[in-house]
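Read the single chain below, which is given as structure tokens and is the form predicted on its own.
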Amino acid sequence: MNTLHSTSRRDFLRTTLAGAALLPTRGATGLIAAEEKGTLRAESRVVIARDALLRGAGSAPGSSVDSRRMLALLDRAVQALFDRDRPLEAWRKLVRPGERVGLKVNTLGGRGISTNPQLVEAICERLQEAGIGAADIVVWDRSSDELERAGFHVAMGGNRVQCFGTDQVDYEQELATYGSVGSRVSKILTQRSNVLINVPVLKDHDGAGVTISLKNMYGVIHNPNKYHPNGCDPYIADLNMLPEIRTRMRLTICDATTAMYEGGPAYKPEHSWQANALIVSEDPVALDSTGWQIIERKRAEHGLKTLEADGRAPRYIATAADAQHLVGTNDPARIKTIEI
């Protein structure tokens, strides 16, 4: 499939990834690898890339994004993050041929507030151009039914991008443990991917405050309902310390094309807005800190209390950054935000 030209490859991805209408390991990477080498960056980069015309001029609420503009938006975001002039230079810095890449999407909210199939299509296109085989890419979440409801088409086997839920392959039998967490991890993560690209959405959460990149890992384990007390703190931070997750996590591409500032995690159209943006970082804590502030500003625009005043500030973000976790940084002085 790597021999396909760009146009035919895109057609192939559409039929593989999105419903009827669209549809050898590498060691620890990112922040954890930098820590091990003693080369941790003084700052974490978070890119916010926007396109006001992503859905076309004067588009109605709920309208779909333009696939070509989505690919261009992704290119700008990833190039800015890795400071490269061409998109493939950036992707080749991220992945290597022979690796198996899992794209952990978020489909809980259905078509209204889930990871966009057009974004996943664009990521898969660039991964293949960077040398990753189509069959070595798997788009996944907890449930195949949830993937279908969000606009994806389940596909297993063959020389194509794979797309299915953990319900098709089950979880590991042994518990993975860290701190307060003991969970069975999806076999899609442990047996079918050695690189993890996190593709969450930007939205409010009625208990945790916000659900962005760190909390999207609740879709990796068999017992997420166990970890919702106390605003999910310290459970989210501990979960992201599991080596099955942390040694594979390479990048977060947050889908903020449609975002929610109140009423989550279920889709509430009255509390959603078309942000027409992607938020990209190698540091999930820095990304969540940045996304939290975007949601707070939107809440203020609508006269809502801050999440702190509402009794649900996402304290797990600070826990994930503390000395016992070091998943990333929430220190504004160490976060470089690049808006393009």
Partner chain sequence: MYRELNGQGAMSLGFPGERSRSFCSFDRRSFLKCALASGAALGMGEVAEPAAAAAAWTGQQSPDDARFVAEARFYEKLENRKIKCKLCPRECKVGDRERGYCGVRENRGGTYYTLVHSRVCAAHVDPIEKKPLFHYLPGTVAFSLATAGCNVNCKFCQNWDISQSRPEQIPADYAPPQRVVELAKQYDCPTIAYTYSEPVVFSEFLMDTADAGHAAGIRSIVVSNGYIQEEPLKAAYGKMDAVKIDLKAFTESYYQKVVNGELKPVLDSLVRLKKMGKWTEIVYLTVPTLNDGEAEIRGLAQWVKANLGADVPLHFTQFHPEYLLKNLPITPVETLERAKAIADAEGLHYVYIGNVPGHPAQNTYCPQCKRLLVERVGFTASKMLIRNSCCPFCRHPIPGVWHA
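Here the structure is a predicted model, which is why all the values come from computation and not from measurement. Residue numbers count along the first chain shown, from 1.
Quick note: we don't show the form predicted in complex with the partner chain, though the next part is all about it.
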- Consider E129 of the chain shown here, and say whether it contacts the partner chain in the model of the complex, taking contact as heavy atoms within 4.5 Å. no
- Message: Test of understanding: in the model of the complex, would R142 fall inside 4.5 Å of the partner chain by heavy atoms?
- Response: yes
- Heavy atoms within 4.5 Å of the partner chain in the model of the complex: does R149 have any? yes
- Message: Within 4.5 Å, heavy atoms only: does R184 come near the partner chain in the model of the complex?
- Response: yes
- Please determine, with the chain shown alone, which of 154 to 162, 175 to 183, 194 to 202, 91 to 99 has non-hydrogen atoms within 4.5 Å of the partner chain in the model of the complex. 175 to 183
- Query: Is every one of R248, N276 and T337 within 4.5 Å of the partner chain in the model of the complex, counting heavy atoms?
  - Reply: no
- Query: R111, R76, H222, R84: which sits within 4.5 Å of the partner chain in the model of the complex by any heavy atom?
  - Reply: H222
- Note on the structure: Residues in 269 to 291 that come within 4.5 Å of the partner chain in the model of the complex by at least one heavy atom, in order, are E270
